[in-house]
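First, one chain by itself in structure tokens, the form predicted alone.
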Amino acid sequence: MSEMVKGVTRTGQFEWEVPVGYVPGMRVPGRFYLSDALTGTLEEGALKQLANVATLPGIRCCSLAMPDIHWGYGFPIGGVGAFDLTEGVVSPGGVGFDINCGVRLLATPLREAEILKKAEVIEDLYQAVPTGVGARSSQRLGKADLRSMLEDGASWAVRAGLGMERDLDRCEGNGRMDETDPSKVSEKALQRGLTQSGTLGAGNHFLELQVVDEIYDPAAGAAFGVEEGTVAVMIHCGSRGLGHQVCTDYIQVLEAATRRYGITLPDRQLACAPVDSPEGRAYVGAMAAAANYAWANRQVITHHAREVFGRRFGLAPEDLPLVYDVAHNIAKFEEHEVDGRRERVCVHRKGATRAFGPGAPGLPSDLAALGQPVIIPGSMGTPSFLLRGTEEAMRRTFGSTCHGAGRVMSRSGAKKQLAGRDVREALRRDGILVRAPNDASIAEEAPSVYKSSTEVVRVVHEVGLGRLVARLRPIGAIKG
């Protein structure tokens, strides 16, 4: 048992509570979900961050963390906090620097045996989708195009011929946030966004070829469009430099607002402002614009991936349907049941994924009876999972679940301890080909720097924050 869980109460097989008083000023308890096997991965700093979030004004029910919890900026990664719209606040630390970092999954009709020249397919994808820290778009965007991206999200790309109308139906919120206000995005952020549409970026972002190697729920699998034995394409990226700049800009704005409104914080990284204050509204408008940029970005990458499969295998765009697209760094206005009544709240998900259950508003009509598709990626050497949202998640976690496996080693630590070429070779022996700008980017994303995706998802499934639909095995990846 980890020393880090001392002082907390176990309330179920996988559920733990951080009591009010764990840090001064807590308004509600903290709650997190871990198995015994994962308690050793819990960092003291992440647990304190979970408790710190519980001190914020207007927080409802409890501060929450998913099984992928680890230390982050302000909020722990894997953190969820819902705030009322009267006294509650909005905080960039509850969203993160990569606004609307998210993941989408494309199905294909191909079998693994049909990918005869896998290395060439991976190289084609690598050439089609710019990767790395300084990745620049092959598109030439004008300021009018950029403004349309910030206003319309994925639908901008579809109108530009970079997708299908059906794609929008399979995006969370149809790939757009209504609260967008591009006028609140700084000129510096806009300049960064002009050159990065359709790029993967760096860090943990990836485009991965996977095989659907097990279906747990045949009815849901059929409805979602995945079939055992077929190849799928998973895309993980966000709002690039534009989103990072929006967060950087508004941390400064909200640090001043925190003082102006007399809000006492245990950590300056939780800088915030009342949701309905001028500063709060400005941040929400800029954050929503960056979120829309991210949806458009993933849509453009989807188009490039479809082009590669079209050239290689003669597939039409409709042969690679979008299963779903989910955000996992975002703040959204949603209606949830709190203390026995329906209430509109601002839900921050920081490294956490929406997992709306059956009948929830906004789901595609053909999926309403099943719940929202939920995508939880592993690492490039471990399985990813497709789940469906549940009523239990709506009841316990404001319709939220984890967003991935969760790191157990920093990027700097990984580069000191691991050699990228050795990681690449080990993955090759397992049948997984990796293409990346350099070996360092492979080392910092090695499978060993993450928790077990299988164990994390087991907790999610057993608690009921998502129900397993399919497991996907990686066979090739391009990394940023």
Partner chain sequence: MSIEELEHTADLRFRVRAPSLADLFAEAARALMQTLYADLRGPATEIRPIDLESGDRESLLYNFLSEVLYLSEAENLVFTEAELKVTPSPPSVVGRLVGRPFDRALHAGGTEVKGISYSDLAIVEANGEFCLEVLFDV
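All of these numbers come straight from a predicted model, not from anything done at the bench. Residue numbers count along the first chain shown, from 1.
Absent from the display: the form predicted in complex with its partner chain. The rest refers to it.
By the criterion of a heavy atom within 4.5 Å, T131 is counted among the residues contacting its partner chain in the model of the complex. By the criterion of a heavy atom within 4.5 Å, G381 is excluded from the residues contacting its partner chain in the model of the complex. Contact check for H205: a heavy atom falls within 4.5 Å of its partner chain in the model of the complex.
Among heavy atoms of R428, none comes within 4.5 Å of its partner chain in the model of the complex.
Contact check for C247, I251 and N438: all three have a heavy atom within 4.5 Å of its partner chain in the model of the complex. Taking S410, S277, Q139, Q127 one by one, only a single residue has any non-hydrogen atom within 4.5 Å of its partner chain in the model of the complex, and it is S410. In summary, among the residues R281, K188, R147, R312, the only one with a non-hydrogen atom within 4.5 Å of its partner chain in the model of the complex is K188. This chain is displayed without its partner chain, yet in the model of the complex the stretch 402 to 410 from 177 to 185, 402 to 410, 226 to 234, 303 to 311 comes within 4.5 Å of it by heavy atoms. Residues are counted as partner-facing when one of their heavy atoms sits within 4.5 Å of its partner chain in the model of the complex; in 79 to 109 these are F97, D98, in sequence order.
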